[in-house]
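The chain below stands alone and is given in C-alpha cells; this is the form predicted on its own.
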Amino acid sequence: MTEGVVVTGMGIVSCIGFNVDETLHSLMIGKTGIGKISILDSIHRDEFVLGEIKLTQKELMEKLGVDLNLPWTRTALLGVWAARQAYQSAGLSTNSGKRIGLVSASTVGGMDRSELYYKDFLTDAIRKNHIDTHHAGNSTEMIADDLNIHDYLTTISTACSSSLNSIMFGARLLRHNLLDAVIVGGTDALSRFTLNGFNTLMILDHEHCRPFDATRRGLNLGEGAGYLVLERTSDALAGKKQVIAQVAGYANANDAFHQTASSDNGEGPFLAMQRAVAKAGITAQDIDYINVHGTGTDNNDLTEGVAMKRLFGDQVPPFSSTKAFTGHTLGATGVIESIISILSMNNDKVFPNINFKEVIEEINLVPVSQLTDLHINHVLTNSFGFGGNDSSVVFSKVPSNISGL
C-alpha cells in the first residue's frame, strides 16, 4: 500500500447505537431510531418524529462522568462520547510525543443552551452578550480539553457537509506533515431552533422519511456524533496499528446556486463526486457502492440522482441512504455516514434504504432496499449542504496483508 492517509480509530453515538458495534447491529437488523419526541421540549412534540438519543442532559453528563459544574451543551457531550471512543480505539496517547490534532464540525453548536435564555434576550443585554457556549467552536474546545489535545484544534461549519470537510482537512494536515494523528468528525444535538427552522422551510416529514421515493415529503432530523482517527499509512504500520480503511479520495465543490437548494443539473454534487473519484486514482466504474446524501426532500434526492446519472451513466452503482435509520444529523451526518460506509465496506454489506417503495419517475433509480451482500472495495459517501457546499469522500478497503483485517 502506497503512502497515504488511513483510518485507525472510530467512535459514534446516534439514535441507533451508543458505539460502533451497536450501530452495526441496528443496521444489520434494519432497526431505525426514528420515533416520537420524548426528550426535546417542543410545541411540535406530537407533530414530528425525530432521531433522538433517549438520554436527558443530566443523564448524559452522569454517563460520561464529566464535571457537572462546567457549562456543557448537548452538542459537546455527544462529541465527547464519540471522540473518546475513537481516541481509545486508535490507541492514542498525549504522552506519546506525537502531534495530535482535532478538527471538529458542528452546525447547531450550543444552540440547545442558548435557546434556554430566549426570554432574557429581550431584557438582559449582559446575558445576551455572554453566552460562551453558543458558538460552534465551543464543543471543539470542550472535546479537546476532555482528551487533553492542544497541538491543533479547529472547527468547521459548512452546514450538512461540515464533517466530510473535516475529514478532508484532517487528511491534508497529515499529508503536509503538520500533525502525526488527527481526530476528525462532528457533533450536533437536536434543538427547538433547528426543528422550528426546518419546519419553516417546509422540508420536514411528519412521518418516517422515505429517501429516493416518489412519495417523499421531507427529512427527519436526528442528533449524534462521530469521529475518525486519521494517520499516515507509514506511521500506522510502523506503530502496528489496526488499519480500518484508506481515505482514498475527496473533493468539495460549491455551485452557489441557491441558499437551500441544489441546481437542477446537480452541478455541485456531480463535481464533488467526479473529483473525489479522480483523486482516489480510480474510475467511476470502480465505485462499488454509494452511501448517498439522500435526505428524503424533493430537491435533494432528485438532483443527487441527476448528478449520479451524469457521472455513472446507465451504470449507477448500488446505492442507499441510511438517514431513515439515524435521521439527518446535520453537521455530524458526513462522518456518521462515513463510519456506516466503512462498516458496509468491511462487512461486504449494503445497508438498506428503508421505507423505499416507489421509484422517482424523472431519474428512474432504485436504491438497495434490503440488506444485501456485495463485495466492496471502494465506497463513495456524499454530504451536500445549504448554499451548495457539496462534498464527497472515497474510502477504500485495506489489503488483507495489512494489520488489523
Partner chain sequence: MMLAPTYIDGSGAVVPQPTVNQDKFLEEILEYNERFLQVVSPVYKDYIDVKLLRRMSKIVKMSIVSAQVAMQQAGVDQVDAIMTGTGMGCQIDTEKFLNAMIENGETLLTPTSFIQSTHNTMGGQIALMLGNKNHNLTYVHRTFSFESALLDAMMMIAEKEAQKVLVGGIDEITDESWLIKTQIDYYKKHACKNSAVYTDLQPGALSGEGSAFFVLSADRSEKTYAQLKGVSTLYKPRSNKELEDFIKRFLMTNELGLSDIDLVIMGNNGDPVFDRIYEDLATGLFKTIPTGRFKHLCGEYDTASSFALWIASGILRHQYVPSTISQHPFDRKTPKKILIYNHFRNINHSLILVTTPDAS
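Residue numbers count along the first chain shown, from 1. Take the two forms, find the largest set of C-alpha atoms that superpose within 1.5 Å, and that set is the rigid core. Note that the structure is predicted; figures quoted are calculated from it, not measured.
There is another form of this protein, the form predicted together with its partner chain, and it is not shown here; the text below is about that form.
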property: Contact test in the model of the complex: N389 vs its partner chain, heavy atoms, 4.5 Å; result: yes
property: Residue contact check: K63 to its partner chain in the model of the complex, 4.5 Å heavy atom; result: no
property: Touches its partner chain in the model of the complex: A238 (any heavy atom, 4.5 Å); result: no
property: Partner proximity in the model of the complex: Q246 to its partner chain, non-hydrogen atom cutoff 4.5 Å; result: no
property: Options 81-89, 280-288, 331-339, 148-156; stretch whose heavy atom lies within 4.5 Å of its partner chain in the model of the complex; result: 148-156
property: Its partner chain: the contacting residue among S96, S234, Q274, N254 in the model of the complex [heavy atom, 4.5 Å]; result: N254
property: The unique member of S42, T56, Q370, N347 whose heavy atoms fall within 4.5 Å of its partner chain in the model of the complex; result: S42
property: Candidate site H135, A144 and N165: all three near its partner chain in the model of the complex by heavy atom within 4.5 Å; result: yes
property: Partner contacts for 186-210, taking its partner chain in the model of the complex and a 4.5 Å heavy atom cut-off; result: R192, F193, T194, N196, G197, F198, T200, L201
property: After fitting the core, F193 CA displacement of 2 Å or more between the shown form and the other one; result: no
property: Threshold 2 Å Cα movement between the shown form and the other one at Y117, rigid core reference; result: yes
